[in-house]
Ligand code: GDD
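We begin with a single chain expressed as structure tokens, specifically the form predicted on its own.
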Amino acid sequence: MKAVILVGGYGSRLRPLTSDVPKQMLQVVGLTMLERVLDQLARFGVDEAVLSLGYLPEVFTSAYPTGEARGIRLSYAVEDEPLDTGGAIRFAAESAKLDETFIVVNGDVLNEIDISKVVAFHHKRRALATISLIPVDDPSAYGVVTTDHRGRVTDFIEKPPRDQAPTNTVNAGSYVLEPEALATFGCGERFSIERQVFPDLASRGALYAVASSSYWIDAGTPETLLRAAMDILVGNRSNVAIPGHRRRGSLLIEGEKSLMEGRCDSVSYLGAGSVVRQGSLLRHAVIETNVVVDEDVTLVNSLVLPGAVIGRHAVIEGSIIGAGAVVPEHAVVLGGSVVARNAELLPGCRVESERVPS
């Protein structure tokens, strides 16, 4: 089975973490977001994927120079200019010469939806396109979908006001498509699959949907990225890899060169090559690769990305520290703050509910 993975966006909701790296290449407990998407696809028989690229494509191509990741063969479709979701899918499918049923997923959505069931339903109904649906508390940020008793989509409303949404079942960002579903739009044209293709197919009775109650999260904001990492850490997800770790009490340690001298009183993760010095406390902390945590640091419900340095007596709670960032001694970072890649804070500073640029 073949898939198109949409990874071309600018990641504006995750700025400043994504100022110079695509969001799908951010690490989430030892693997990039993209690798976690690939793992999920591989579970259900996908063996080849084309990455639909736009923003910083060289980051992807240099990360996977052999054209393979997590057991899936990769190819690349690089847009010269943004083509929106529909245009990107059409361009990627044409580039990879996809001439039969294929899967499309968003590269910033982590889920446990059984896409093989969606494929089977799609073929049973002889649909041109089939959407995975998921219930959410606030449907206003998504494409809201209503269906009849056979699963045929009766209405597709992109991002309606919350009080006007006819249902809370929304587009989960996973599709099964026939090449003909996009045939009315030219390759290289800019068009939206949510605002143009799906409503058109629904009006012709050719769009179906399958609802799921499986785990699902759009990890495209700091809040949801942190939640996705915590969900993996505390075991809210099934069949999810945490690379090569060994357990020491409540700490998951990756790599023989990682060093833990502090203490951990709630499940936490220490990536390969990372060091936590004496007197430091980890509580639901995710520390990615090659991080240095100095003495007497408190890290609670936070994500520290690769290569960051945390100085003595710093306190980090409920926040994300970007790759290569420096949080110096006695600094305090709280309340959902995001510190950019390679940013350097001032000693003793207090950052609360802020996004700190580099």
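On a predicted model such as this, the values are computed, not experimentally measured, just so you know. The first residue of the shown sequence is 1; numbering continues from there.
The same protein also has a form predicted together with this ligand, omitted here; what follows describes it.
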Non-hydrogen atom within 4.5 Å of this ligand in the predicted complex for each of N111, P135 and T167 = no
ask   = Pick from N171, S258, T147, S280: which has a non-hydrogen atom within 4.5 Å of this ligand in the predicted complex?
value = N171
ask   = If you check in the predicted complex, is G336 within 4.5 Å of this ligand, heavy atoms only?
value = no
In the predicted complex, V7 touching this ligand (heavy atom, 4.5 Å) = yes
inquiry  = Just checking whether G143 would be counted as a contact of this ligand in the predicted complex - the rule being heavy atoms within 4.5 angstroms.
reply    = yes
query = Heavy atom to heavy atom, is E223 within 4.5 Å of this ligand in the predicted complex?
reply = no
note = Only one of 242-250, 178-186, 81-89, 258-266 has residues with a heavy atom within 4.5 Å of this ligand in the predicted complex, and that stretch is 81-89
query = So which residues in 194-214, when you check this ligand in the predicted complex, have a heavy atom no farther than 4.5 Å from it?
reply = E194
